[in-house]
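As a starting point, one isolated chain is supplied in structure tokens, in the form predicted on its own.
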């Protein structure tokens, strides 16, 4: 089960990121990096983290542009051997299809997984409806865009813990579901409003859980994982 955990490296400090990878690489299945690390250090940061134990890198840059621009971005990311990357489903079918086509040109044996983001975990119904003009409920919108993403060839989608069950019903056995917003029961939500526990998300059909502060702020990985409800006996620290 611990292999389902993706640790979010929410820092721009490369030294800190390296230390976290070295501490947690035996306890989690992958590490997620985003703009905070890539903008100051470039995509070379991928290899730097791979070299210290991050065998699987989730590149979370949420590409969203015209099809050709996204295709070019995916082409560059593929060269670094990332395991998974994100793009916004709101870019439309042509954009998603272009990304899929580029990902399939990977020089590695296994192309990267492409997962679609539709409604960020920081958004609630009020923002979606009153500010973004979307008349569907959050769940309806996520289900619709998730189905569209998989139909366009994406490998899966991202959704909050609160929509996992509905998205899994809509996708069936097609597509992976990656879930951020994981918190221990009763913990602070920080800047995410749609959160949930690890166990509930997994029971509802999640494949991977993205966990940040709850892991990185604790110096003892076993204590952190146990607080989240995981059995750490299956992990193999280096």
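Every value quoted in this text rests on a predicted model; they were computed, and no experiment measured them. Residue numbers count along the first chain shown, from 1.
Omitted here: the form predicted together with a small molecule. The next part is about that form.
Going by heavy atom distances of 4.5 angstroms or less, which of 41, 213, 64, 56 would be at the interface with the small molecule in the model of the complex?
Selected residue: 213.
Look at the stretches 66-74, 168-176, 46-54, 203-211 and give the one with heavy atoms within 4.5 Å of the small molecule in the model of the complex.
Result of the contact check: 203-211.
Please determine whether residue 180 contacts the small molecule in the model of the complex, using a 4.5 Å cut-off between heavy atoms.
Residue 180: contacts the small molecule in the model of the complex.
Although the small molecule is absent from this view, report whether residue 5 comes within 4.5 Å of it in the model of the complex, heavy atoms only.
No, no contact at 4.5 Å.
Counting only non-hydrogen atoms and a 4.5 angstroms cut-off, does residue 121 reach the small molecule in the model of the complex?
Result yes; residue 121 sits at the interface with the small molecule in the model of the complex.
I'd like to know whether residue 13 contacts the small molecule in the model of the complex, with contact meaning heavy atoms within 4.5 angstroms.
Looking in the model of the complex, residue contacts with the small molecule do not include residue 13, since no heavy atom lies within 4.5 Å.
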